[in-house]
Ligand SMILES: Nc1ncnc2c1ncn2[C@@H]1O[C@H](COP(=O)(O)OP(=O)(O)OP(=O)(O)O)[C@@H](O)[C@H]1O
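The chain below stands alone and is given in structure tokens; this is the form predicted alone.
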């Protein structure tokens, strides 16, 4: 089982959209996918049509070890994609676990109990580099960083890259898989310059995701872009190509049939 954190401390860069659409694309390759919503705003849970306010068991329950992870899993309307949802209660988790011994490993210990049930776990993180995101990074094999081609988002990329290097002191296997450049409008000089800087200084999972109203419409319909706009839509094909690049880097033993050898 390969665990991937989708993270950037800058908000509004497409983390949730990237998490869902990469998860969907990987499931279409035959992989069993679990999404984990680790953001108190619960955007991923809302995207998939869940009401966070009505949920009694969420990632908060898992992180605080009130229940085992397997009991928090919910089926979604996307085939072969399950979800551990979030709620606003997650905002209290940082304070609740901050004094615990080994607090950075709480999520890792929970996810390890699911090994064999899923091929890939994708974690949607909050726009922060606090203990929740550190838990996510400590539980992960790889990090994918969505980034909008703006100056402020690029600064956020530099910060998450620094955090990854700090975490690697304790989790040497953690690797930045690459950036997903989102919300791209290549007609602007600023966007082109930032994209060039990203490509020059960081690994990039190509191709870029071009800005389209269809992504917002898909979210409103609680659907991944492939289901909403079809697999031939440019954005669908871009996420599918990125997912293929990720598939090629998964831990040994993961097969396109969703079986571990």
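No experiment lies behind these values; they were computed from the predicted model shown. Numbering follows the first chain given and starts at 1.
Here the subject shifts to the form predicted together with the named molecule, a form of this protein not shown in this document.
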| Using 4.5 Å between non-hydrogen atoms, is residue 212 touching the named molecule in the model of the complex? | yes
| field | the named molecule contact in the model of the complex: residue 24, any heavy atom under 4.5 Å | value | no
| task | Report whether the minimum heavy atom distance between residue 127 and the named molecule in the model of the complex is within 4.5 Å. | result | yes
| message | Even though the partner isn't displayed, in the model of the complex is residue 238 close enough to the named molecule, meaning a heavy atom within 4.5 Å? | response | no
| query | Going by heavy atoms within 4.5 Å, which of 26 to 34, 58 to 66, 214 to 222, 199 to 207 lines up against the named molecule in the model of the complex? | reply | 214 to 222
| field | Triplet 13, 39 and 183 all within 4.5 Å of the named molecule in the model of the complex via a heavy atom | value | yes
